[in-house]
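What follows is one chain in structure tokens, specifically the form predicted alone.
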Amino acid sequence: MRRLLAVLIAVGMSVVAANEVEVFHWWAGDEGPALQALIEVFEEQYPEITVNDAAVTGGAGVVARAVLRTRMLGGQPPDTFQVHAGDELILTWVVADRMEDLTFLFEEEGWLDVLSPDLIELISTPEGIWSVPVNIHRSNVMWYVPENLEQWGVEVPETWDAFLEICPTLQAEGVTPLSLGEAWTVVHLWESVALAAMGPDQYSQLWTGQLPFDSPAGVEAWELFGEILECTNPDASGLSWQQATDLVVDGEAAFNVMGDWAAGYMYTTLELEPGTGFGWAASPDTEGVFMVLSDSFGLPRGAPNRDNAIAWLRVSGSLEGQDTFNPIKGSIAPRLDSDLDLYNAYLQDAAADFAVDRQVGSLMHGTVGSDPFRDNFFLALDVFYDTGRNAQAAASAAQAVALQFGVGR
């Protein structure tokens, strides 16, 4: 009898433990509250399901993607995982037949009617729709503190030439003109500089293979990038993106080019008011262009708790879920029926730009370029540094990586 009771308890415990959904992601620290708010919405709708909050810390998901790769290849996928919408998912796990087609879910939930055709195309192939986008971020944003610029007597530069002109003025004041952080933030800056140097047409052609990375336009982008790096902080490699943002907030640096999760950090964590506590502009020479990225969740084949994962996806794509998550995260909702009255001044401005601007994809954040290409693009950055910032050498290295790992789909 005692043994039977023990077996029943054990079975009961396993049933309870199994009635969960593992949500694998990299939103930790300052980005964690947004996900927690989404989890609360989920738990209100599905109180019988326990959320296993499986966060793996590391800037821009670099560490999380490595852990995910081991699990996916080892046949131990999470129930669902955060992934950048676009090539990061499609050229990594969809082509490997490790994901389930979510077209049925989009049809059941009516998402085809509330998401833009461009976004649907981004997450689709002719064979299906592969993830549920939960937000829209903008990569090419320059951040600053208005009061500090007024104190230093400088204006927000609309071009990189204008930035380079004010760089010595700021350095003479003991101010870092442009703050940078660890390696991924350098690639993040590179893509905005490349967009500025090449323009949206040529920049987009990089990701379809129509324009080689070592073309004259590609070399010119690296040349401009090298000039800009002369105006950055020498301790960048030891700083997180939040710490690079802090340099601007604390008046130690004038500008920072970062995605608009920086707005979420400054607004939610630092409690700064958009427009007064911090200001923003399109990164120099990119006005009218919106470098887009989107976080999303997919459904891997063999998910241990498939039905629960689908429930998570339903909430993630819902109006309530997105309008709860995004105002905290510092992003706008992918849904066109989102209630913008719930969003702060920066996010309303971003939504207005997203509606009319030319859209191009982010390399660092997985919209364009395969996962292996992005991971190995850091080699081009290493070549750039090791050759004394030789633009031709870096462009040639980037092209070699493109030939080896491919771009486009």
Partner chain sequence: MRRFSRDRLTAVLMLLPSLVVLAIFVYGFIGQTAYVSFTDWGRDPAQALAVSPQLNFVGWDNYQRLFTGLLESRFRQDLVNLVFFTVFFIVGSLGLGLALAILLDRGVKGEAFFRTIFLYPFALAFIVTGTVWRWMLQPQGGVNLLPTYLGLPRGEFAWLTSREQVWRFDWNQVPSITAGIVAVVLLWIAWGALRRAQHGQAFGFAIVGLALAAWGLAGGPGVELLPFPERRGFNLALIGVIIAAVWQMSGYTMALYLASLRGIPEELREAARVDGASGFQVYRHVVFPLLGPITLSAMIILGHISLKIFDLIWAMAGPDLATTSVPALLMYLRAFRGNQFADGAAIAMVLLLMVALVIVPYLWSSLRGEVRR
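Residue numbers count along the first chain shown, from 1. Being a predicted model, the structure only gives us computed values, none of them experimental.
The protein also exists as the form predicted together with its partner chain; that form is not presented, and the subsequent description refers to it.
Open item on the list: Looking at 340, 352, 63, 345 here, can you tell me which has any non-hydrogen atom within 4.5 angstroms of its partner chain in the predicted bound form?
Closed with: Filtering the options by heavy-atom distance leaves 63.
Task: Listed residue (312, 93, 130, 222) with a non-hydrogen atom within 4.5 angstroms of its partner chain in the predicted bound form - done: Among 312, 93, 130, 222, a heavy atom within 4.5 Å of its partner chain in the predicted bound form occurs only for 93.
Open item on the list: Is its partner chain in the predicted bound form close enough to 198, 273 and 290 that every residue in that trio has a heavy atom within 4.5 angstroms of it?
Closed with: Contact check failed for every one of 198, 273 and 290.
- [ ] Please run the contact check for residue 357 against its partner chain in the predicted bound form: heavy atoms, 4.5 angstroms, yes or no?
- [x] Close contact is absent here: in the predicted bound form, residue 357 is far from its partner chain, nothing within 4.5 Å, heavy atoms only.
Task: Non-hydrogen atom contact residue 376 with its partner chain in the predicted bound form at 4.5 angstroms - done: Yes, residue 376 is a contact residue.
TODO: May I ask you to state whether residue 237 is within 4.5 Å of its partner chain in the predicted bound form, using heavy atom distances?
DONE: So residue 237 counts as contacting its partner chain.
Task: Distance check, residue 336 to its partner chain in the predicted bound form, heavy atom within 4.5 Å - done: Flag for residue 336 set to no.
TODO: Report the stretch among 290 to 298, 109 to 117, 229 to 237, 157 to 165 that approaches its partner chain in the predicted bound form to within 4.5 Å, counting heavy atoms only.
DONE: It is the stretch 229 to 237.
TODO: Using the arrangement in the predicted bound form, list in sequence order the residues of 395 to 409 with any heavy atom within 4.5 angstroms of its partner chain.
DONE: Contacting residues: 397, 400, 401, 404, 405.
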